[in-house]
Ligand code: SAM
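The data below hold one chain only, encoded as structure tokens and taken in the form predicted on its own.
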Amino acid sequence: MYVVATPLGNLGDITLRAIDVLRAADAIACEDTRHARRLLDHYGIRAPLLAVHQHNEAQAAEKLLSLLALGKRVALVSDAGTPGISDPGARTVAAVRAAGFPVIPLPGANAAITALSASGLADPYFLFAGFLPAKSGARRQALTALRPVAATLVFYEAPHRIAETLADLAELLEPCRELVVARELTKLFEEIASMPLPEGPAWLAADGNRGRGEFVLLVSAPPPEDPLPAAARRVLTLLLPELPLKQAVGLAAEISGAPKNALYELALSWRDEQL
């Protein structure tokens, strides 16, 4: 079975290999047969279609296994992007692999990576979190858990929840973080906007058209944590004028329990600023 990435919107964003595989397939498993047919018609591909979506994936996987057992070539696609990435397909792939048939992935379009490549965010890591929970309490709980993750956070969001999600992001995450909103990627009204995180709700409200389409939201990593609590800094501030630097640092570390090396570096930086 071939796992085939398909365009997010622009039909030109499909690989030559994907077209060859779809043309050679004996059957194409797809999320929505009507949606898939538009892409296949565009490229003159006439293979039979089999619906595989979140409500029937277990049963549909059995049909695919029977085709594979007969030596048929099957391609798996989703409505847009890469199957199994916040889309149906993962259970089908697992069933095919468990049955001993090879699964061959074809790289291609993916909304999260497409948005990340144009975001300008330079964090060394990113975490793809997919769709946040639809209910407010669960969504806020999930965001609170993600807050300390030292990476760019990447979310998908639907238009009917975008306002609530932007409001929760602005409230629950640090205001110094940057937000990138990528909307309708590769489509006619594609828009990619960057702003300080607290400005997200106002940006959305400023234009009714901004709430339309499918969204990728990217939030820059949190600011680095200060290893020294305020109390340790105050102790060091009080001791430095009275004692030699090393002695003040050692006593401050003993009193506050803060890391001695961090206190020493801080004391040196303060001394350099006074020179």
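All residue numbers refer to positions in the sequence shown, first residue = 1. Note that this is a predicted model, so its numbers are computed, not measured.
The discussion below concerns the form predicted together with the ligand, not included here.
- Contact annotation for residue 156: at least one heavy atom lies within 4.5 Å of the ligand in the predicted complex.
- By the criterion of a heavy atom within 4.5 Å, residue 131 is counted among the residues contacting the ligand in the predicted complex.
- Residue 72 falls outside the set of residues with a heavy atom inside 4.5 Å of the ligand in the predicted complex.
- Mapping the unseen interface onto this chain, residue 216 counts among the residues with a heavy atom inside 4.5 Å of the ligand in the predicted complex.
- Heavy atoms within 4.5 Å of the ligand in the predicted complex are found in one stretch of 165-173, 192-200, 119-127, 76-84, which is 76-84.
- Proximity to the ligand in the predicted complex, taken as a non-hydrogen atom within 4.5 angstroms, holds for one residue of 161, 147, 187, 140, which is 187.
- Taking the ligand as positioned in the predicted complex, the only residue of 3-19 that brings a heavy atom within 4.5 Å of it is 8.
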